[in-house]
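First, one chain by itself: the form predicted on its own, in structure tokens.
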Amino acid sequence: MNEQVKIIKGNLIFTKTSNKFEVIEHGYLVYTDNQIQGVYQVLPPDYAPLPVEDYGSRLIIPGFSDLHIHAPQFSFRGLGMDMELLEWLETNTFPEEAKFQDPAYAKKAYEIFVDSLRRGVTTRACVFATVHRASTLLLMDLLEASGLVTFTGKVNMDRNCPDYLCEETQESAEETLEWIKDVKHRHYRNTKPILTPRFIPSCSDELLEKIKMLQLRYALPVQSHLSENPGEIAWVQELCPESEFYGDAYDRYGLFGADCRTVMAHCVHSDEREIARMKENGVYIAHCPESNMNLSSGIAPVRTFLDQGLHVGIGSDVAGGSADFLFRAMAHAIQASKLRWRLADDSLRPLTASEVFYMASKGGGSFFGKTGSFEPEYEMDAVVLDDKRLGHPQEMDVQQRLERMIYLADDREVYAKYAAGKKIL
């Protein structure tokens, strides 16, 4: 028997589809290096001689993928939540991000961020940094050391932002190129670059053209923001009058799916044309419900996205969202969908626990490849949860225990954690 085969045991719960939990009580999860071989109620004879890491009655779930999080914003979570998006950026976000020009400050802030992300239920994430190349590399060094799997991006901005963050167009492109070269020389195992034009208002047409050239040259994915706030959408229409809709402003430069793997955060006010283009191009949507509520952006029509077969994952969007713990975002997704159903559109039924779990695990995880499930040949990401702190007088089955943790758990319930086949916690 291959000595690389490993086995863990516990109450396994995961999703293959969005409408059903798969539960194997006191089951076995068998994996080789970073590939799951199978899950079993009874261990097959070929595996019987091998040692088993037995987690008893604890729950074992796939690791979650946070499709949208801002690392430099972690330091001001919970502040300015009475503002709308554009005012909030000017008042809180941009002044804070300017501090990351200082490597000492960046190191202190990013160490706190990475430690929190490592202790939670997230195993993979799409991470925004700042415009600063050196501090972005520092963040990537810390993420690599953590064992987490990430796409991390140096932000691009050459217009409509404070002078202290605004790059010249050519400078932004050249700094991004040098950053990509730096990343390649560091030979990271789990930390990959992702192109990160902040959003259309902060990126000129010329800069978007240059970013596309880099995307083609290095076959990199892209992350940005889309249709988050009515004021933002109106601004994009003024800046790009030739575009049919917000997403079309990206698509005109080849930065909206198709030959360019893309994740767009929010999509709160995407119209039928934009939804159709996202489906056609295979764009991923990062649903960030708490941020959308905190910044008065609205409630995304996630039921529409799911019913039409779009790729939808979950994003914490710290610091628009107050926590990087994705169970919190999942609970907010359910609650927000209920409000939309009751107050705005009763044709869009609320989200269920299995649907938001699927979005956080397999749905969003597919942006990284085959991850977010315990099906054979998926990558080995797993989180072991211990809910004994959350006392309850009744007997509950595995699914009930998990559903309860969506609303009640925090990182104290995280007992162990595996990412890309390695135990990191």
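Quantities reported herein were computed from a predicted structural model and do not represent experimental measurements. Residue numbers run from 1 along the displayed sequence.
Omitted here: the form predicted in complex with a small molecule. The next part is about that form.
Novice: Look up in the predicted complex whether Ser291 has a non-hydrogen atom within 4.5 angstroms of the small molecule, and give yes or no.
Specialist: Yes - in the predicted complex, heavy atoms of Ser291 and the small molecule come within 4.5 Å of each other.
Novice: Would His225 count as a contact of the small molecule in the predicted complex, using a 4.5 angstroms cut-off between non-hydrogen atoms?
Specialist: Yes - in the predicted complex, heavy atoms of His225 and the small molecule come within 4.5 Å of each other.
Novice: Whether Tyr284 contacts the small molecule in the predicted complex should be assessed with a 4.5 Å heavy atom distance threshold; does it?
Specialist: No, no contact at 4.5 Å.
Novice: Please check if Phe325 has a heavy atom lying within 4.5 Å of any heavy atom of the small molecule in the predicted complex.
Specialist: Although the small molecule is absent here, Phe325 would stay clear of it in the predicted complex, with no heavy atoms inside 4.5 Å.
Novice: Have a look at 86-94, 256-264, 181-189, 336-344 and name the one stretch with heavy atoms inside 4.5 Å of the small molecule in the predicted complex.
Specialist: Looking at the partner contacts, the answer comes out as 86-94.
Novice: Among the candidate residues Phe113, Phe199, Phe245, Phe305, which is the single one with a non-hydrogen atom no more than 4.5 Å from the small molecule in the predicted complex?
Specialist: That would be Phe199.
Novice: Which listed residue (Gln73, Gln215, Ser172, Ser146) meets the criterion of a heavy atom within 4.5 Å of the small molecule in the predicted complex?
Specialist: Contact with the small molecule in the predicted complex is made by Gln73 alone.
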